[in-house]
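A lone chain, given as structure tokens: the form predicted alone.
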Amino acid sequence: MKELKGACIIGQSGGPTSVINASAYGVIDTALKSGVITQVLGAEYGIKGVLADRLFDMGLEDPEELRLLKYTPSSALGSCRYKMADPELDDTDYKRILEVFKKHNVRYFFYNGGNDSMDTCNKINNYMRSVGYQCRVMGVPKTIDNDLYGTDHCPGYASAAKYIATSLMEVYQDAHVYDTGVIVVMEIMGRHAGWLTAAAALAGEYGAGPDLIYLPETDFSMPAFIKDVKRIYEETGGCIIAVSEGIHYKDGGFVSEAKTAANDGFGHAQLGGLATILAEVLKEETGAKVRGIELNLLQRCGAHLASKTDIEESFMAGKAAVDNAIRGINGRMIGFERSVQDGKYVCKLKLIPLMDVANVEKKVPREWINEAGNGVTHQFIDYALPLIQGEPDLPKVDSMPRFAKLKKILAE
């Protein structure tokens, strides 16, 4: 394979995570040291930054600030939710991207995101091939939803799962302070896949978890839900419930009344307010004290509870994207494959065609959900527990987090 010299672009897309910047650092650090990639450019606000030719010269950043990206939550370069049209229908964006690529001699494009981001990657890759422009396009996985096809798990998921499980354990302690019972409904992110909500079960392994867990993989029944809560409340004097924001009735309608309030730019319904709705129902049905808690953004930016395993694997994914692209690989997403060596969990890398990943959602297996649809089996615990291991040595100043501070100098 002939060596391909030229610049690269790294962009971030979709919802941020506590470790997405670890993947970006994996790309940036590896690219800067490659000897093949001539300039490393960071796209401001993902693909929108490419279209606007707003590209940061990452080689002008302080190396120590770049290193701090491993421990900095959210998307340091800026993110976006931008749905690109099929080039056969409208190639305006693609022509503009090609123009920007040619201007900066971009021969490598790395996009860090979830399902829709891999779709963007795939479309750009196909277009560049169709017009004969040599550019190696690689997807770097990211999503707390853990729903990317073909990979055992996704960077960002483990840290969010750890945050959720820890928060459940802390709420459990608070909910058992008084001699009067309380019902707690905790709403957790997850539109169509319940991986995050299932993580609440990890808290139960240590005696402080939810009594009931409801995922969008099964149909929700309000009468059955009320019956379950009443039974547990009467038996124990309290009840803690973990619910996915995307739980739905048998007809497909979301339980959340906020489903038509807005969409996220990709045409997906913005959900929320479910905990409040269910809390009101339970208060009326039981007369008990009921609290609704919505974790919302906290679960995806809680770097103080990040999994060291997640951080290291996220960095590894970014590094592998560059290493493979330099070797001539194109049109792939970096995936994870789990194995066991000497009785211990080991994560190996694999390459997945972008066209296989784009717009496909991986759900929690039905056999990992109990028959009643209100909890998960130990198969899920065995799956998730290795992923949340390890405590990173987080940089701090005066006991406060020290996050990366980038200069963000635009490339000429």
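Residues carry their position along the shown sequence, with the first being 1. Predicted model, so just to flag it, every value in this text is computed and none were measured.
In what follows, reference is made to the form predicted together with a further copy of the same chain, a form of this protein that is not presented.
Exercise. Wondering, does V36 line up within 4.5 Å of a further copy of the same chain in the predicted complex on heavy atoms?
Worked result: Heavy-atom contact with a further copy of the same chain at 4.5 Å: absent for V36.
Exercise. Is there a heavy atom of S167 no more than 4.5 Å from a heavy atom of a further copy of the same chain in the predicted complex?
Worked result: Output for S167 is yes: heavy atoms within 4.5 Å of a further copy of the same chain.
For this session: Verify the contact flag for I293: yes if a non-hydrogen atom of it lies within 4.5 Å of a non-hydrogen atom of a further copy of the same chain in the predicted complex, no if not.
Result: The answer is yes: I293 has a heavy atom within 4.5 Å of a further copy of the same chain.
Exercise. If you check in the predicted complex, is G11 within 4.5 Å of a further copy of the same chain, heavy atoms only?
Worked result: Outside the cut-off, so no.
Exercise. Would a further copy of the same chain be touched by all three of Y178, L202 and H304 in the predicted complex, meaning a heavy atom each within 4.5 Å?
Worked result: Heavy-atom distance to a further copy of the same chain in the predicted complex: all three under 4.5 Å.
For this session: Specify the contacting stretch among 168 to 176, 94 to 102, 107 to 115, 318 to 326, defined as having any heavy atom within 4.5 Å of a further copy of the same chain in the predicted complex.
Result: Flagged stretch: 168 to 176.
Exercise. Which residue, N126, T286, N330, S74, has a heavy atom that falls within 4.5 Å of a further copy of the same chain in the predicted complex?
Worked result: Looking at N126, T286, N330, S74 one by one, just S74 meets the 4.5 Å heavy-atom criterion.
Exercise. What residues in 147 to 163 sit within 4.5 Å of a further copy of the same chain in the predicted complex, counting heavy atoms only?
Worked result: K162, Y163, in sequence order.
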